[in-house]
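Given next, in structure tokens, is a single chain: the form predicted alone.
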Amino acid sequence: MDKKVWACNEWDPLEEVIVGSVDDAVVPVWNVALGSATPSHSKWFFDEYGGKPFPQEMRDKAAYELDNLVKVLENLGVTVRRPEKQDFSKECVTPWWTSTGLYSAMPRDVMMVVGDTIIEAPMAWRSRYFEIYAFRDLIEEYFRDGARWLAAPKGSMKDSFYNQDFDPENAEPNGVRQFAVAENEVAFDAADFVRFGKDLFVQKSGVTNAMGIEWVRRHLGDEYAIHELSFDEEHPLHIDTSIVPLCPGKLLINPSWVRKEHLPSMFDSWEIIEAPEPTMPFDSALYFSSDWLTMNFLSVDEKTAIVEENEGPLMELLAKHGINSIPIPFRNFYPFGGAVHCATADIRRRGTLDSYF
């Protein structure tokens, strides 16, 4: 494989990856979009710190874990790239709103590689409007080395971009699921997609709408099929804590909100494996997410995964299916809203574009 950028699924051997950074991370100000995807118990954190940097102690502990992840990956022979430093405390201004930034901690959210194409997500939070520029130097380098590059159109993110009356406690007022992001502009986060070769699966969420899904479908063309899934998650945000492909024919699911019988029939020949309950209990430090971040591990290849060190039952389950776990400390990164998978973005995996259904 001579392509600098190439990834078709989540399990082929990983050769190059971007790892995020929490330098200058800023807490976003509470708004309807943030509230739609955030546990209600954590609103106090945003009320207290919104618009301010994350506490230095939090950043230091998370940065240490990210640096350790880099060492682990490099020891496995994986090339690791990091984002450019960016001052997220600066206020950005558009004709309709002002906002501070957020961080460059989650490259999985802002971009995805499909084949030899890098796709920039438009994002749906105002605080993430300019986040991609922390990665732009890398993307431009990959483009010069032959990669394709698509950037989805940025939404205006003005008030009409959001369903201002959205109530996460009553998301189906008329029997139809509602979301915080409206359908008048393109919106998606890359982490709401998961790759299975020529098939990609996606969910609507608090940051991904039907227009965003259709934009990806049209731009990828007939070579790929986009399948929309729906789960019973109260605050849907990113698909990689709901379903995780382990290898061809094996799918790990979150038993709290994914029902086997609701998966499409194309998975009938696959082994469906229920993830064990997280060992670390739900607590108020998970400001952006649920305790199912434990499923958010990174597959280095079909036989190797990097997993948060406290998740013994998960590692035991993976071992039963022929997958060796590399445990690393990553709990201090969780309060920023992701785990090992979120903190990385695949750039090159050695393999071919195949169909698995």
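When you see a residue number, it is the position in the sequence shown, counting from 1. These figures come from a predicted structure and were not determined experimentally.
We do not show the form predicted together with a small molecule, though everything after this point is about it.
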### Message
Quick check for you: of 90-98, 218-226, 104-112, 177-185, which stretch puts a non-hydrogen atom within 4.5 Å of the small molecule in the model of the complex?
### Response
104-112
### Contact label in the model of the complex: P335 to the small molecule, heavy atom within 4.5 Å
no
### Message
I'd like to know if A191 sits close to the small molecule in the model of the complex, meaning any non-hydrogen atom pair within 4.5 angstroms.
### Response
yes
### Task
Considering only heavy atoms, tell me if E233 and the small molecule come within 4.5 Å of each other in the model of the complex.
yes
### Query
Looking at the partner-bound form in the model of the complex, is I306 within 4.5 Å of the small molecule by any heavy atom?
no
### Listed residue that, although the small molecule is not shown, lies within 4.5 Å of it in the model of the complex (heavy atoms), from S290, S42, S325, N310
S290
### Message
Please tell me which of Y129, W257, W270, Y133 lies within 4.5 Å of the small molecule in the model of the complex, judged by heavy atoms.
### Response
W257
